[in-house]
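Below sits a lone chain in structure tokens, taken as the form predicted on its own.
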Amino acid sequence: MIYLDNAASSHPKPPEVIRAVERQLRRNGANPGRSGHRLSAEGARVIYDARRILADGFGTDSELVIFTSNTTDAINRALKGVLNAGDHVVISDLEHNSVLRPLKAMEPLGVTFSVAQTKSNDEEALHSFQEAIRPNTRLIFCTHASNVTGRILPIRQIADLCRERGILFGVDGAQTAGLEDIDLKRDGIDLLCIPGHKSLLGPQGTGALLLGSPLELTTMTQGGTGTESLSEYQPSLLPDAHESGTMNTPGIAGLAAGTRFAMEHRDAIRSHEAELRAMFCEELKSVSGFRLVTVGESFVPTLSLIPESVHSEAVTQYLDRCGICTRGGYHCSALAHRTLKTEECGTVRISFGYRNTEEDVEECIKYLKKYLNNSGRA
């Protein structure tokens, strides 16, 4: 199979990641930090080392790294951790449902939100964020890059706007963590939500909420942390306050290995994937029946095609039969598809990874042309 669905989850994983997970499962199944024996201590050290690697990679302190099960979990913890009744939030019109749905669920509790229009360029997008701010705006939260089109938003300029207004700034880094240079303290990010299984090349079921500085968050889950065990109340110390229960030690070990690999090779990976995206866009000019979404100024290696006369899922099902993995439909991003006006047909999403090749691009283009020839029209 030719795998072109890396925006959903990267594949294949580096051998280092597989070895790290296997090593933890084979050699140490102890509960990290919950017992006094050496295996428990070794498990705790795996967690600590991973926390340090993420902190160093994203410009924050180790105790400000809170492990989660995925980006969605991190976003829920961020939004529900800082927002209270009467607070207002500004988001973008490219947000994933992981942002939209928690905010909709909080509306009956007195939290409101506005949607900034990203328009066609960064200057217009920034102006829209500015116009959406209200006196009670507590937080601006936006995606770093759209999971539908790959468009990158100007998060550093948005962070400056937040600092000027005394507003918290949160970022959904699902499509950029491990690929783009993100530094919480330098970039003025208060809350960064990341997955372990995309460009950080780690296992599924891993992620983190990273804080730019100590921040009081409402704790979503209470329970055992291995600390202050005689107390009836949840510890307030970070990160213990937000990490109740047994940690996913094998997954976190794999996340640490993937992060090391991604950070070490980031420039080369980013350049390679950008070249594949540019090549695909150029080759697509010879294919009629599909329109490429190009709104924006800069992009991660993800792109969307709009078929002229069929639903996008019909195209991706055909490509699957040809041995090519892509994604069709709405990509859990209702706001983005309303913005793109693709609610009827969705888009065919193609997203490149570090192991993809120019031959993969050529094969995908070849079968898109065959689809047109076989069906008469896309």
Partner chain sequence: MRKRCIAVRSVTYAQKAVEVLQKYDIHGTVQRNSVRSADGCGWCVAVPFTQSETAYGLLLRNGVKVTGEFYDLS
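Numbering follows the first chain given and starts at 1. No experiment lies behind these values; they were computed from the predicted model shown.
Same protein, other form: the form predicted together with the partner chain, not shown, and the subject of what follows.
Within this chain, V310 is remote from the site of the partner chain in the predicted complex, having no heavy atom within 4.5 Å. Taking the partner from the other structure, the partner chain in the predicted complex has no heavy atom within 4.5 Å of any heavy atom of E273. At least one heavy atom of R51 is located within 4.5 Å of the partner chain in the predicted complex. When the partner chain is considered in the predicted complex, L109 lies well away from it, no heavy atom lying within 4.5 Å. Of the candidate stretches 333-341, 315-323, 43-51, 349-357, only 43-51 has residues whose heavy atoms lie within 4.5 Å of the partner chain in the predicted complex. Shown without its partner, this chain lists T246, Q117, Q130, T227 as candidates; in the predicted complex, only T227 has a non-hydrogen atom within 4.5 angstroms of the partner chain. Among L238, V82, L284, A159, the residue placing a heavy atom within 4.5 Å of the partner chain in the predicted complex is L238.
With contact defined as any non-hydrogen atom lying within 4.5 angstroms of the partner chain in the predicted complex, the stretch 77-110 contains no contacting residue.
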